[in-house]
Ligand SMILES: Nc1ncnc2c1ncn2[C@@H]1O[C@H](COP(=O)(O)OP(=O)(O)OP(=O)(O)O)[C@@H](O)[C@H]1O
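Quick setup: one chain, the form predicted on its own, written in structure tokens, and binding and motion questions come after.
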Amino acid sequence: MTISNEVSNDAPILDVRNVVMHYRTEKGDVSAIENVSFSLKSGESFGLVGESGCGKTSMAMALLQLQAENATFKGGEIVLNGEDMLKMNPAEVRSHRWSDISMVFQGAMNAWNPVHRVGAQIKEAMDLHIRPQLSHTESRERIASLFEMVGLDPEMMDRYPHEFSGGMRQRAIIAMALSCDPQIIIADEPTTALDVIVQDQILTELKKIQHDLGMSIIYISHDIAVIAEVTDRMGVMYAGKMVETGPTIEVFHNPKHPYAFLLLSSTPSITGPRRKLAPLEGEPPNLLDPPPGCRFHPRCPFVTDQCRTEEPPLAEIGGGHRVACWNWESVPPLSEGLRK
């Protein structure tokens, strides 16, 4: 199970290597994650962006080994601190979950049990994962400290979820994710259903917490502006595959996969140059029967015959910027837009 006996200071704390995961259905296997690779270093923030259904949340669930019962891994490794989680038994996975890697779940505002106080639900997570177990007084002191950290009145721990606003429930979920001192937090759409002011407050709190505690965060969002604001590096997913990765500032200013280019071209900018928005036409493919070659080719304005038959590798183009496209050099600067 152990990949190496010693993890160097420069080594990633999380290394996802060529993970393949399918969902078994009555109609056949859904190719949800195909050869996805990325890494995360200590204190780093990494973003995953893409349309709904592109595999972002499936990837997050795979990292925590909380995938659906009909999910099967066909290959790859998920290496956490030198150990492959895909080779662990359930008890070993449970010992890492929440204490080493935790999650702010999508739809977290509705994740609370309505008949139990919020503090009691956080304490339950701590009782399961912190060893030696804290006393009742120690647990309450810890929860009070976490509430203060996320901007909540500690007295709120004794209230029920319906007594919290949406933003307060989201802050409490973040407190729960922090409760066992994880190295990594996965934030899956952490600002969904919140107004823009509360969104900004939540993202500001997450960035401050990350800075203060030195932890790593994986942000997952379909909102590309959120990824731009909070991450150091990012990956763009399409139809279960990673199609572009690199430093966030580089990908945003110089996208080289046609999908990333069109995502950014269809997004208005307040601070950037004025340009005509280009719509991203079409929809992702049916992953029961994905198209051959590049999965984006049916929607791609730069498609060639090679794209329809040969799958492009995720290749380095310089400075840690990697792209899975045969024709990435044909993608124009973002400022020029798509020429019809």
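Here the structure is a predicted model, which means the values were calculated and not measured. Numbering starts at 1 and runs along the sequence shown.
Just so it is clear, the following notes concern the form predicted together with the named molecule, a form of the same protein that is not shown.
Contact with the named molecule in the predicted bound form, judged by any heavy atom within 4.5 Å, is made by just one of E310, E283, D289, E51: E51. The partner is absent here, but in the predicted bound form a heavy atom of E189, alone among E189, E250, D232, E83, sits within 4.5 Å of the named molecule. Among heavy atoms of Y23, some come within 4.5 Å of the named molecule in the predicted bound form. For G55, a non-hydrogen atom is located within 4.5 Å of the named molecule in the predicted bound form, even though that partner is not displayed. Not displayed here, the named molecule is approached by A68 to within 4.5 Å at the level of heavy atoms in the predicted bound form. In the predicted bound form, the named molecule lies farther than 4.5 Å from every heavy atom of S265. The stretch in contact with the named molecule in the predicted bound form, judged by heavy atoms within 4.5 Å, is 23-31, chosen from 296-304, 38-46, 23-31, 311-319.
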